[in-house]
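The chain that follows stands alone, in the form predicted alone, written as structure tokens.
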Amino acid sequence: MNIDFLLQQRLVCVAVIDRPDDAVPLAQALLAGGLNCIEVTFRTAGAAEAIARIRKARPDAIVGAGTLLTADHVNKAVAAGAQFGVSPGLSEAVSRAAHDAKLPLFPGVITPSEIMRALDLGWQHLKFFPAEAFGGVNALKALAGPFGHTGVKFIPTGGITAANLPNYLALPQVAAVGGSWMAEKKLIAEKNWPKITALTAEAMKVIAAAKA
């Protein structure tokens, strides 16, 4: 799938879903708020099933698999129907599995050396994680110097909130932003779908303003 299409809304909801039964209601809440892109992290036993359920029930959603730490994770994500993959770091085994499966992958990087290695492995859209802990917007501005001409784009994730979202969206090297504030575990556990929809709608307004 085309990367630009995957990230066209410039926001990815990073969700930890403990119960697969919550997967479709969560996707519906996000879609109601105007967001179609969700990353289901492989931090729970039900992650693959959650992805499969969303893909079946809501084909209008774009569903990826996050926290891919091994080649086995990649294979399970692909089998579940994931349309993209995200890893917190840079693993050659994960990279090979994603290339073999033709799965778009956003490997995690934080240093210039990791960015160079990711480019060598054939990836241009990179997760910048953990963003706020490692310099945030200022770090990304600095990295634009040596890497701006390479076509590399970043998806900063980690510590991003509705308050600092505009600062990241203003950077031309930021393709999209990953965040969990609109669908935190507590909100999912409480099945507070209206609150998730409201927070998502607020974020989409910020994105619309950034595009204007």
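None of the values given here were measured: they were computed from a predicted structure. Numbers follow the displayed sequence, beginning with 1.
Just so it is clear, the following notes concern the form predicted in complex with ligand 3PG, a form of the same protein that is not shown.
Just one listed stretch, out of 137 to 145, 123 to 131, 92 to 100, 72 to 80, contacts ligand 3PG in the predicted complex at the 4.5 Å heavy atom level, and that stretch is 123 to 131.
14 is the sole member of 188, 23, 14, 203 with a non-hydrogen atom within 4.5 Å of ligand 3PG in the predicted complex. Within 4.5 Å of some heavy atom of ligand 3PG in the predicted complex lies at least one heavy atom of residue 179.
Taking the partner from elsewhere, residue 158 is found to have a heavy atom lying within 4.5 Å of ligand 3PG in the predicted complex. When contacts are judged by a 4.5 Å heavy atom cut-off, residue 56 does not count as touching ligand 3PG in the predicted complex.
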